[in-house]
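One chain follows as structure tokens, the form predicted on its own.
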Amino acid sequence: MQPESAMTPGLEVTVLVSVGRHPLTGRARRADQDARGVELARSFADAQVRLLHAGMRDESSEAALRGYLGMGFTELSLLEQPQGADVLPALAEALDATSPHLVITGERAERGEGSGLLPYLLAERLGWPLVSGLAAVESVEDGVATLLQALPRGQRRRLKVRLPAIVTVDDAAPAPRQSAYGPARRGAFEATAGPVSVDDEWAAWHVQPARQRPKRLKIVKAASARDRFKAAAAKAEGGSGQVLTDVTPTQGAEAILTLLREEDVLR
């Protein structure tokens, strides 16, 4: 359990959640970075935390979104949007209407474009400051949040940001708790209609699963008996391989015998 941060009573926090994609099976799940944002919001003492999702409501996405409800929530706000719609106008209108003090979201989505630009576009439209790579929220006092930003190589930077603000989290944020099955099934969705903006550019794109390309093998030219023996007896390493050319089995055996004689193994 994460320690509770020093917070101003009545702090309103909205966490933007999305439907994730399992990296191996491809099944719908709660997005890892969004779940970390929910876990971060759960560490705030005396804060009113609200979950917000904009997208389609079907069987697979509903099952994935219930993973967030299983983290200790009874309700999730859902802005219904058709497939391929631009969710930016709907989210901006909803956040402008509720005016939360802090908005938490993941760095990028696991489905769709996954460009990571949505938090920046929201901050630009709402006129709010944005902090990326958040590791922790230390305190919120007098409308100013003290944040701990994650930097490369495990470094941290302390920032002070005036609220309202948008923050994004990545793998440096606290790991999410396991989703409880009972609360996840009992949780409810509060569906509302928002403005629909069709993304014509995204509709014109053709998306297909990426296929891993075969890696080229590095060809080693055998110049001496020692080199041929090392290439034949070298342990294969993951991620790369070597092919020994221009060497027959007889030449390989002769090279091994020659090398063993040089090392005084055979007398």
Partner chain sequence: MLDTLLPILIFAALALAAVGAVRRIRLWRQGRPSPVPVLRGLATVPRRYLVDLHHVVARDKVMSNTHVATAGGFVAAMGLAIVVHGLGLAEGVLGWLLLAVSATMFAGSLFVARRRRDPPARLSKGPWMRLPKSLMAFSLGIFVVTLPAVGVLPADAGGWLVALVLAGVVAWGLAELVFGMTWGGPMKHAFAGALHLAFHRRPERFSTKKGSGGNRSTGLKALDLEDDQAPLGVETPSDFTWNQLLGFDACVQCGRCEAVCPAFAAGQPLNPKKLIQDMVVGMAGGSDAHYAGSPYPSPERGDQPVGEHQGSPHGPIVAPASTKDGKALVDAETLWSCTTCRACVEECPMMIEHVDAIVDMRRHLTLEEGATPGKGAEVIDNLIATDNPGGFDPGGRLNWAADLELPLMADVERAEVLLWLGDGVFDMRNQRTLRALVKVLRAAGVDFAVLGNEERDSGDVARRLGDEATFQSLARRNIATLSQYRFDCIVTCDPHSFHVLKNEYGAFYPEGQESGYPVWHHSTFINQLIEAGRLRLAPGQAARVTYHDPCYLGRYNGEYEAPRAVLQALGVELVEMQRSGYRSRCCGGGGGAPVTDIPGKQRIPDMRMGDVRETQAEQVVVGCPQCTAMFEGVVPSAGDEEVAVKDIAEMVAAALDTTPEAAPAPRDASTAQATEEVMS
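Residue numbers count along the first chain shown, from 1. Given the structure is predicted, the values throughout are model-derived calculations rather than measurements.
Not on display, but discussed next: the form predicted together with the partner chain.
Looking at V144, A191, A175, A180, which has any heavy atom no more than 4.5 Å from the partner chain in the predicted bound form?
None of the other options qualify; the answer is A180.
Can you tell me if R27 lies within 4.5 angstroms of the partner chain in the predicted bound form, counting non-hydrogen atoms only?
Result yes; R27 sits at the interface with the partner chain in the predicted bound form.
Candidate stretches 81 to 89, 182 to 190, 166 to 174, 97 to 105 - the one whose heavy atoms come within 4.5 Å of the partner chain in the predicted bound form:
One stretch meets the cut-off, namely 182 to 190.
What residues, if any, in 46 to 68 have a non-hydrogen atom within 4.5 angstroms of the partner chain in the predicted bound form?
Result: empty, none.
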